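One protein chain, two forms: both are listed below as structure tokens, the first as structure 1 and the second as structure 2.
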Structure 1
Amino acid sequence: MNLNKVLILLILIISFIWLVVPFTMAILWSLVDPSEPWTVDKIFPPVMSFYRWNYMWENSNLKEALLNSYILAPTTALFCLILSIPTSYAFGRLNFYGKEIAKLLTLLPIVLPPFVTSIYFSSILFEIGFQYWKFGNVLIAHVVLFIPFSIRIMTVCFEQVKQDVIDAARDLSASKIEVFKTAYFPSLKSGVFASILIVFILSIEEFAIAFIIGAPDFITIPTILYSALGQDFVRPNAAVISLILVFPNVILMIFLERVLRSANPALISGK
């Protein structure tokens, strides 16, 4: 019992160093007013204001990046979901030769290093002369990269549809639509949510493809963060972009956790 308390305390202290300190630092840095720099001898910034936030909003391509990211992510999520459903149905409810291998191969995009994928993807685009519509290019790459997650989640959902419920519904002479509503819909509902949310988050965060295929014409939040951390490194500006990138994710993930926990524990464990 006591050992447990010590361990809990230890984790709390570590996570304090692990999470709280870095984020506090980022918040503080984002509030540094340019009128007086934050030098090494001061524990807190001498002058604090929202100047940086305003400045980034007005004078950088942050707006454009936000717009791009938040159009790209839901579009990717929707495409992934729609395209994954037939395959998931086949994986989840039909038996055919080579199913297990097909399931395994589906995971390939996850295992392949994203930088390799994106470079050859852009090379293919060059080859077929399709490299100019950046949004479309990034969208296709994102769909290919993240559809394994949708397929995985939806497959589990289809597997969990109970055959006896389908049979019972049919036995009670339900129409095809009724069968779908009573037998399929309940277990698919949470999967649809989970798939959209996960792909959305992954797409918002995705860096390699956006950077290699999209940049410099098509910018997303991760790519401007990268340049803010690299060639035009201004710490307070980078802090602002970091926080903008993190906070929506945290909220979405908490939401996702709720959806998953309330609906379908097997989705998380992936069994």
Structure 2
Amino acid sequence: MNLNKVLILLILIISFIWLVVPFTMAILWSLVDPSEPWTVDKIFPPVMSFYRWNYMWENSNLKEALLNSYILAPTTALFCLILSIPTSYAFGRLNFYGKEIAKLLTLLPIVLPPFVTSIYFSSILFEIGFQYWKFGNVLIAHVVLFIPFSIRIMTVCFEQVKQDVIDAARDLSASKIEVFKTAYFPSLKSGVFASILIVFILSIEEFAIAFIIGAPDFITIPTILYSALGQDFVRPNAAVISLILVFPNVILMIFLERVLRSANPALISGK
């Protein structure tokens, strides 16, 4: 057995331990029936049912949290994409003094801990009298926190656009729309998908801002999850919420990976 096969086997083992085991445990815990607890002397739950799923759906704020999360996350992703395009164009296509410093400054929201950003935003919102606009407040904070990811992704995409393709399209009397379609769009398409999906996942999993700024009126899936873990610590209920939070994100990440893999390198290079 050569070194490559050993490394592949090691990666598979680590992936199994890191991914499959936690998912399997979460699924099993979510199926534990309250009639008989799952104790350490049993490998599998003695009685399994969907009682926990029905209970959380009917007797918690899960419906409201799902609605809030799946409105907030795509709205955040779209705002981040739209607002990041001018800055990304400047970073990717223009040369100006201090550009590298400006790139570093745009990453500051990522460096700051989310709780620091949340406390800072909450104090500002109280000062200007916006403390009652919960959805808008959380949305603004999410956009500020996650727009660096969109800027970085779209900057790389703008950098991939070849100037000779743009010049050729202009020499052939192409309109601005045609120049965008032939020179820019092939390079930007995969970045748009990547930006939307990554910001969507980051927004839907974010806890600190939604909890500090939005609570108690604005509830998201992570706030319910952390409440279940911290207040009552009912592990089966927390397992149900964690699976509801994680499974859609896994599907989206698989879709993102396929989108990026299917991107034509010839189109990305602009040729």
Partner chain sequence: MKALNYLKIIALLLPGFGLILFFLGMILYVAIFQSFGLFNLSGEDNFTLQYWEKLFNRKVFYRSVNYSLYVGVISSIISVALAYPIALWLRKPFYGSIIINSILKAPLLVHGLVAAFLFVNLVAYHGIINQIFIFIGLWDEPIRMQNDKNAIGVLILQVWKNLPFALLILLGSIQSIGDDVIDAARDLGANSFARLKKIIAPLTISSMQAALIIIFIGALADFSFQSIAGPTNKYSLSQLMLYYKNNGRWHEAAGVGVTIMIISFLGAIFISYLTKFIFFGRKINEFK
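So that the term is clear: the rigid core is the largest set of C-alpha atoms that superpose within 1.5 Å between two forms. Throughout, residue numbering runs from 1 along the sequence of structure 1. All values derive from a computational prediction rather than experimental measurement.
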Number assigned to the form predicted together with the partner chain in this pair: 1
Post core alignment: residue 12 C-alpha displaced by 2 Å or more between structure 1 and structure 2: yes
Taking the rigid core as reference, does residue 21 move its C-alpha 2 Å or further between structure 1 and structure 2? yes
